[in-house]
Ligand SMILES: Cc1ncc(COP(=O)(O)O)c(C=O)c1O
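Taking the form predicted alone, here's one chain by itself in C-alpha cells.
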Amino acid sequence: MAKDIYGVNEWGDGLITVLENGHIGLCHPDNPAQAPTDLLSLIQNLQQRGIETPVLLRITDFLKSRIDEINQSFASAIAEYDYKGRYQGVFPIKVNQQAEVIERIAEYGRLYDFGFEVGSKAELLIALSLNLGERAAIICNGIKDTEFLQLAMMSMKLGFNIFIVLESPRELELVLDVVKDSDIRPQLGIRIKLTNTVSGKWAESSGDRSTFGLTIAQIMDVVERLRETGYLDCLKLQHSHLGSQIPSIIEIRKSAQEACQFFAELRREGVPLTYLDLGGGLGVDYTGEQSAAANSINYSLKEYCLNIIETVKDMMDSNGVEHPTIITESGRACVAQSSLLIFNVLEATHFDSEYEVVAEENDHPLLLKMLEIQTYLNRERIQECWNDLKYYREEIRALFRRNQVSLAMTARTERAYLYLMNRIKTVLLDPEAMTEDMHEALVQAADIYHCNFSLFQSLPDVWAIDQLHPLAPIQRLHEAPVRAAILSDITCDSDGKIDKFVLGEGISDTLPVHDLIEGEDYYLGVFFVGAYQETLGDLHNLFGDTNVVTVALSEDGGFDILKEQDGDTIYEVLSYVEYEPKQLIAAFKANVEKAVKGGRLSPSDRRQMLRSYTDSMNGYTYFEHAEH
C-alpha cells in the first residue's frame, strides 16, 4: 500500500491521506467525516485558472485547527491539574512573516488572547497593526535600540500588552534613559539563560553558550539596578527559552523546572513577576517516528501541555509562589503543517536501460566480458556481478582516456552497463538478494528526477541543515512505484538536490517513484513547510517566490480559494538585485538595432526578439509550459 511505502499514516497526523483513486487527499482536521479534498484535482483546477506549479498551498483549516488545539490542550491541562494561573501563547513572527499567515493567526487567535513575539522594529510594526485580543501579549525580544524602545513604550498607551524583554545589562540602561523624562512605567521582562542544554539541531540555542539572555550574575545586577532606580515593580515577566524543536519530553520538563526555580528565587528577591515565558521548544514530528530524533518528537501536543502545567504547578507550590500566567512561543508547531509545496517533474535521468546490447565481432574483449555477466547473473552471485560490472566499465574508461579505444566503443560499453544495471535491479527485487553493499550500489544507480522548483528558495533548511520534510507523489499511489530516485531542482547547482526521504520503513537515500508518462504531468508534494521555509529562501539563479494560494477545504471535498499571490516575475527578481529592468530592455533594444543595421537581423526578426525579451521579463521565473 502507498500509505505504508511513504509513511502517510505515520507523519500525516490525520491531515493527509491516500484516496481510493491513488491521489493524496487533504482531510479537514475538525471534521474527519468530511470528504477529503483531492490534491491532484486541486492542482489541476489551479492550472486551468492559469496558476502554474511550483505552487505553495496554505491550508487555512490546518492553521486554525492547530491554534485551537494548542490553546484548548493547555486549557484542558489547566483544568486537570487545577492550575490557578492562565495560559496565553504568542507566535514568533520570524517563523513565518508573510502577511497572509500573520493576519490569519491574529484572527484565529483572538479568541484565546493569542499574541506575537517580535525580534526587530519591523516585526514590532507588524504586531502593532493587528487587531489583537485585549490581553494578548507582544513580547519584544532581541537587541533593541532607542527607537525600538520608544515605540514599544508609547504603544502601551494604546492599550497594547507589551513586554520589553531585557537581553543584557546594557539594554537596561537604554530603557532607563528612554523612561527618565517620561510618565510611562514600562512592562519589563528579563531573559535568563538556563544551564540545561537540550538535544536536537538547535541545541546551541540553550545552555550557557546560548546567544541571548543574562547569566546568573547579570540577573542579580539587573535586579539591583532596577531596585535602586525605582523600577523593580515594572519587572513582570521572566523569559527562559527552552530551545527549538526539542525532541524529548524529559528535556522539556528539566528545562521548565530550572526556569521555575529561577522564577521562585526572583520572587524571593522581591521581583513582582507574574508571567513565565517558556519560549519555544514544542516540536513537529516530520518523520512520524515518534522518537527523540532530530526530525521527530517522542511526545504529543497533549502530553507537552500536561507536562508544562504539571511541572510549573509543582515547582510553584513547592516554593510557595502563586501560579503565574504561562506564555509559550510555539511558532513551528503552529504553522509547519499548514503549508505544502507542489511541483512537477520535468524529466528523468536513468542510470539503467531496457535496451539490450548484443555482443558483436568487433567489440573490445573487456566489453565482451562485461556482456558475459548476464550468463551468471543470479541471486547468489549478485555481488560478484556488480563488482565485475564496475571493473570492466572503469577499465574501458581508462583505455578511452589513454586513446586506446574509440568514443563509439566507449559509448557502446556505457549502453551495455545501463542494460546490465537494469538486469541487476530486476534480480534485486528479491529481498533476499539485497545486501548492504548492494543497497549502496542501488543508491549510486538511482534515477535523477529533475523537478520544477528551487531548493534554495522554497526548502532552504533541506539544503542548509538537512531538515527532513515528508515528500511523496500526489498521484498514482494505487500503482506500485517501480523506480528509485533522488530529486534535482531547477538551479544550476549540484547542491540543489534532495537525497534523504521519509518513508514508512524509515529514512531512505532514495524516493520510490513511478515511471514518467509522456504528456502527463507527474507531481510531487513536500508537506509541512510552513515554518521558516518561506522566510529564509534566497534568489539562487534568480528563481523567486513561487505562486502562493490560500485555500479552505469545503464540505463536499472541494475547496475555496481565499487568496492568490502571483509568484515573482523576472522583472521583479531583477529589481531585487539592483537591476533596472527598463534599462535592460533599452540596452537590449540597442543591441538588436545594431544587428538590424549590420544586416544580421531583419526588421521582422527585431520585432519578434523584442517581444520575446519583454514577455520573458514579465514571465514566471520557473519552467512554464509552452502554451502559457
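Quick note: we count residues from 1 along the sequence shown, nothing fancier. For clarity, every value in this text was computed on a predicted model and none was experimentally measured.
Below, we turn to the form predicted in complex with this ligand, even though it does not appear here.
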| property | result |
| --- | --- |
| Among 314-322, 327-335, 413-421, 503-511, the region lying within 4.5 Å of this ligand in the predicted complex by heavy atom distance | 327-335 |
| 4.5 angstroms heavy atom contact with this ligand in the predicted complex for H241 | yes |
| This ligand contact at Y532 in the predicted complex, heavy atom, 4.5 Å | yes |
| 4.5 Å heavy atom contact, I297 and this ligand in the predicted complex | no |
| This ligand contact at E117 in the predicted complex, heavy atom, 4.5 Å | yes |
| Heavy atom distance at most 4.5 Å to this ligand in the predicted complex, all of P54, H450 and G525 | no |
| Option touching this ligand, based on a heavy atom within 4.5 Å in the predicted complex, out of G109, P473, G189, G281 | G281 |
| One residue of L455, C260, I308, V95 in contact with this ligand, assessed in the predicted complex (non-hydrogen atom, 4.5 angstroms) | V95 |
| In the predicted complex, residues of 118-151 near this ligand [heavy atom within 4.5 Å] | N141 |
